[in-house]
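Quick setup: the structure tokens below cover two forms of a single protein chain, split into structure 1 and structure 2.
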Structure 1
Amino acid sequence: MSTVILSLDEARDLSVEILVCHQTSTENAISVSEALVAAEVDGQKGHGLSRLPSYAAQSASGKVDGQAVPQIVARAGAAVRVDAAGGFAFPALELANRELAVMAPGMGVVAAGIYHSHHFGQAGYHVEKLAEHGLIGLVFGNSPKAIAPWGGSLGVFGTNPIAFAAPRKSEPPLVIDLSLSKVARGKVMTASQSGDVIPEGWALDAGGKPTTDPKAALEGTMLPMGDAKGAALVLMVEILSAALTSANFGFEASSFFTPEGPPPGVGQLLIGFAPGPFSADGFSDRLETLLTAVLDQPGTRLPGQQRLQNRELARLKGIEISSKLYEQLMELRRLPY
């Protein structure tokens, strides 16, 4: 496959330029671009520059309001409610993040509920920022329907990621980031394109039966990780990220990809813990004790280590994208909307 290498600055500038000429405000374009480049750098290409064509089309069509200014619409002592205002998720999560970082030391625990929101990309990105402020972060988000209720056959819930981050003494934050489907839908798409079968246990067909045919799987639903227990976690995340925040549920949300239709309007719940009040400042040492007990065993590694290696490499060598995507982006940069 022919590829093109971009420096991080080039990738960011190109992304901003494309979004701005597709009716996104400069401020929002910068926020979105930073998140896309960060995902690309971390090797999470599904949340990286490949999203730009659909993001640009959604901003141009008005499905995403690229000019939206997220607002804090309600407050309690330790909680804020953030209206993403039908815009991109990243500016709303940045606002939530800044607020929580200020509130957390006095409160111990803080949370932001975000609604009228959109695809929030690499979930770990948002909690890693909280961890850089010394907080333990936890985030739940929902997404358009992909998973059926346990025993059912029709998609109700999204793949509903959970991400967690904890600050470390002299290392980058520990980040756990997982969606609750057994595998990403992208893997099924890849198998469908290459004509491969998929392992049983990944997906159900439209009738709710297990299938190894990727085409049948794409018309059906994804199975949750961990079977019935995982399905219960999917429901929990849907309640926390969408029922609690009054956002749209997975079965009500429009696609994150196509420019048609109403805004997806999904939700996120971002939680931060300041360790001090809970641990009398013992947290950092205790965390290292635990992680040492893990790493002392042969064959183990901490979650997110591949991501850190990818990041290191991207800082040295830049970002590699397919020539096809590069040409598409060059074209989008020229389009006068």
Structure 2
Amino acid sequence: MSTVILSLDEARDLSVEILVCHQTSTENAISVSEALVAAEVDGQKGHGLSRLPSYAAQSASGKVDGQAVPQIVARAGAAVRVDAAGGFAFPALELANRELAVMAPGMGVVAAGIYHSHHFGQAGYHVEKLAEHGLIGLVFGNSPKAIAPWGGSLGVFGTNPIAFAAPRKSEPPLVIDLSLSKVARGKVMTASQSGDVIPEGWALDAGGKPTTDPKAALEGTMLPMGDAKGAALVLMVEILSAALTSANFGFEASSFFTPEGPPPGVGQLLIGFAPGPFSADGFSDRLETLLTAVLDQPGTRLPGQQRLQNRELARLKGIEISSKLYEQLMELRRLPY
């Protein structure tokens, strides 16, 4: 497969240009672009530039309000409610992140519920920002139906990612990012775009049978990690991200991929912990003791370490995308709505 190399600045500029000419404000386009390129750099291509065609189409059609300005609409103690206003999730989560970083030192534990939202991409991206402010972060998000209840055959829940981040003394934050399907649905979408097959065990077709065809998988359901236990975790995340925020459930939300239909209206829950009050300021030392015990065993590594290597490589060499995707992006750049 032929590929194209883009510098990080080229990738960001191209993303912004495409979004702006498809009815997205410059401020929102920059927010979205930063998140997509960060995912691409980290090796999470299903949340990277492959999302641009569907994002642009949805902004152009109005399914996503590219001009939306997220707002904090309610406060209660350590909790805030953020209306993403039917726009992209990234500006709303940036607003929530900034607010929690200010609130946390005085509150200890703070949380933001986001509703009227959209695909929030690489979940770890959002909690890593909290960890950079010295906070432990947790995020839960729901998405359009892709996973059936255990024992069922019809999708009810999304792949419902969760992520955790913790600040470290002299190292980048520890980030753990998990989709609760066996793999992120974005990987299936990427395989569908490139014409690749997917491994058996990732998904079922619309008839409930195992499939290696990504197009059939997108029309069917994803399998949860951990089987019945994973399906229970998916339910938990659906409650925290959608019921708690009064957002749409996965079975009520429209597709993240197509320009037709109403806004998805999904939700996210972002939680920040100031570690000092819980640990008498001993958290950093205790965390390093634990991580040292992990790394002292031969063959071990910490979750998320590959992303750090990917970042250094991308800084030096840029990012590699398929020629097919590059041609698609260049066409979008030439066809403003």
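Reference numbering: structure 1, starting with residue 1. Remember, predicted model here, so these are calculated numbers, not experimental data. Definition used throughout: the rigid core is the maximal C-alpha set that superposes within 1.5 Å between two forms.
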(request) Only one of these is the form predicted on its own, so let me know which. (result) 2
(request) Decide which of E252, K209, G43, M225 coincides with the hinge of the rigid-body turn seen between structures 1 and 2. (result) M225
(request) Return the inter-part rotation between structures 1 and 2: the angle in whole degrees by which the smaller rigid part turns against the larger, from C-alpha superpositions. (result) 26
(message) I need the CA movement of M189 between structures 1 and 2 once the rigid core is aligned, reported in Å.
(response) 6.5
